[in-house]
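Here's a solo chain for you in structure tokens, the form predicted on its own.
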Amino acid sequence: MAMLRLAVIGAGLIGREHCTLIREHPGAELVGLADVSEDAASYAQGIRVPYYADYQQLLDDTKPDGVIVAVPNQLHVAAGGACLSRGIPCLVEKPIADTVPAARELVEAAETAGVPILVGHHRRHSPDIREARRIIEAGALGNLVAVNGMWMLDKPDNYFEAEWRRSPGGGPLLINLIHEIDCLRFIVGEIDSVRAFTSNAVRGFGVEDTATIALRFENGVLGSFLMSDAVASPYSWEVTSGQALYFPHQPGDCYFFGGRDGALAVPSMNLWRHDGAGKNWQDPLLRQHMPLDGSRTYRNQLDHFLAVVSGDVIPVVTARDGMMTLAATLAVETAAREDRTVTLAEMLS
């Protein structure tokens, strides 16, 4: 396999993780890093990678095969557009942009140029999420009826020393929920409309710490989701999956899918069904554990991006797909703020 030359724009926490993954991958070479901070320059020197304060110069000098964009959300369109204008495929970290109009700008640029963008919704590359989708599509649960999910963790007090995290936009809806929305879209289908309630009763900041969300999917499935960043619990994908970069692994579940013929808990991958036809709630259920392949989420994502760069596959999360996840997440924020049901059609109009 030919070695693919990759560059990274943005040397924050996730940008540096991408650098590490690229440097460890046998099929990739890190040819440059761009960021405006002096700390990034020191980091690049430490890992012996060419450093640039200007990502335009990085792109022109190194001419990479692919680029990972890991700058702040509001800069995604400019950095992604710079890659597209040079015909370079890119992996843009989630969310694809900070607003739906900005996302649409990047979507249209990618589709016009015919250059692929992979949006960094990494959970789609996780073996539990991929297997849940396969199980449901194979009909193991029968017709899907309902889905329930949870994300409850306890963010430390010093997390909120940054003022923006105490203000609207800094809560779990716009920072954390987008992962959950993307997983539900990937497994269940497109979201039609949402309703949401929020509370800031724990900390009293100008942003929510707890939210409950109701979802209606286009295929008729109904869903609910409970999230809080003020609860000590293991009930989140980061903790239960064992796939997240910075969290301890404690086995458990955070998603529950219910169908006419069975139910599936994820990420434990326990599938519950009756042992024959004609059974009902007064009959016992059998539990079947569905095995996973043991692969690692972020390595899978990089493998997939390299295949996208090579032209072997289309992105599992295209720019347009990423825009839909952003729109659904912003719909939840709007529904909570305005105390009403919000449709996806409204968000995209």
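On a predicted model such as this, the values are computed, not experimentally measured, just so you know. The first residue of the sequence shown is number 1, and the count goes up from there.
There is another form of this protein, the form predicted together with a small molecule, and it is not shown here; the text below is about that form.
Only one segment in the set 180 to 188, 130 to 138, 73 to 81, 201 to 209 has any non-hydrogen atom within 4.5 angstroms of the small molecule in the predicted bound form, and it is 73 to 81.
Contact annotation: residue 122 falls within 4.5 Å of the small molecule in the predicted bound form, judged by heavy atom distances. In the predicted bound form, the small molecule stays beyond 4.5 Å of every heavy atom belonging to residue 171. The closest heavy atom approach of residue 149 to the small molecule in the predicted bound form falls outside 4.5 Å. Taking the partner from the other structure, the small molecule in the predicted bound form has a heavy atom within 4.5 Å of a heavy atom of residue 93. 37 is the sole member of 288, 45, 37, 295 with a non-hydrogen atom within 4.5 Å of the small molecule in the predicted bound form.
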